[in-house]
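First, one chain by itself in structure tokens, the form predicted alone.
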Amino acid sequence: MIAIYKRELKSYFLTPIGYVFCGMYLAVSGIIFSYTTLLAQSTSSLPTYFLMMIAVFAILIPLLTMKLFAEDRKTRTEQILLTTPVSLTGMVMGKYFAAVTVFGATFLVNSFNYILLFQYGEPNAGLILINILGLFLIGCAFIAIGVFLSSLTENQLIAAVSSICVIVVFLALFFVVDKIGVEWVRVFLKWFSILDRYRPFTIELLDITAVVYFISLTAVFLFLTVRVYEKRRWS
């Protein structure tokens, strides 16, 4: 797993993908942060900033995950991975952790923006920390979704677009679920709504059930990716 992790991590910076992701993430986040907080000289818009960043994740994270498995299928190096002395779980986790490392490092650098808020008073540190945790967990879940969809195709563009579509569906549930007339359907779909799960974080509530949900969502899509390759190995 470590060898695969190092290989994938290195590949991010041997190709433009890693630089494009980091540059776009920091640029877009900086612009949103400036308009919602710094220019307003207020921290009251922080929840808006965090929610907007989730939308940014929906677009940028698929760019980070689109090549993970699709490239191996296209270049026919997939069989080498399947015959290496590493478990399928180790192979998937190695690639997943490489993407999480790039995302996490960029996320950490971007978090230094919050230090600027102390120029305008005494921002709510608890609110900031709780939302940082929530955003990171959502980012990890989005990466798992992207990893799974990348394993289904050899076309990186299809992997990226399909990942964006699936993530958007999870986010769109927040806006449509209350319009559904059947109560049990509404309750069922609301359980899967990422924004509904995230909402307590924006009012400084650390919702343990939401944390478990984000971790479970990550685990489910990683499990499905392992099953895809388990089937492919024996087909």
Partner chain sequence: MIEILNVTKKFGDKVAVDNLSFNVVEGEILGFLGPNGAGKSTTMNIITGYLSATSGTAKIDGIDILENPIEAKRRIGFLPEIPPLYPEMTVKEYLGFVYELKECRFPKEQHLKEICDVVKIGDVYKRMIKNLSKGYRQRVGIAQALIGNPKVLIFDEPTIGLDPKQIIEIRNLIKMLGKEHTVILSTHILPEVQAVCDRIVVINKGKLVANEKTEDLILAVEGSRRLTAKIVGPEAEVLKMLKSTPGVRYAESIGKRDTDSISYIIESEDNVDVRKSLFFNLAKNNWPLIGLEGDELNLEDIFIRLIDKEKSDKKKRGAKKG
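Residue numbers count along the first chain shown, from 1. What you are looking at is a predicted structure, and each value in this text was computed from that prediction instead of being measured.
Below, we turn to the form predicted in complex with its partner chain, even though it does not appear here.
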Pick from 152-160, 70-78, 128-136, 106-114: which stretch has a heavy atom within 4.5 Å of its partner chain in the model of the complex?
70-78
Does the 4.5 Å heavy atom contact test between A219 and its partner chain in the model of the complex come out positive?
no
Mark V212 yes when one of its heavy atoms lies within 4.5 Å of a heavy atom of its partner chain in the model of the complex, and no otherwise.
no
Is Q119 part of the interface with its partner chain in the model of the complex - any heavy atom within 4.5 Å?
no
Between 1-20 and its partner chain in the model of the complex, list the residues on our side with a heavy atom within 4.5 Å.
A3, I4, K6, R7, K10, S11, L14, T15
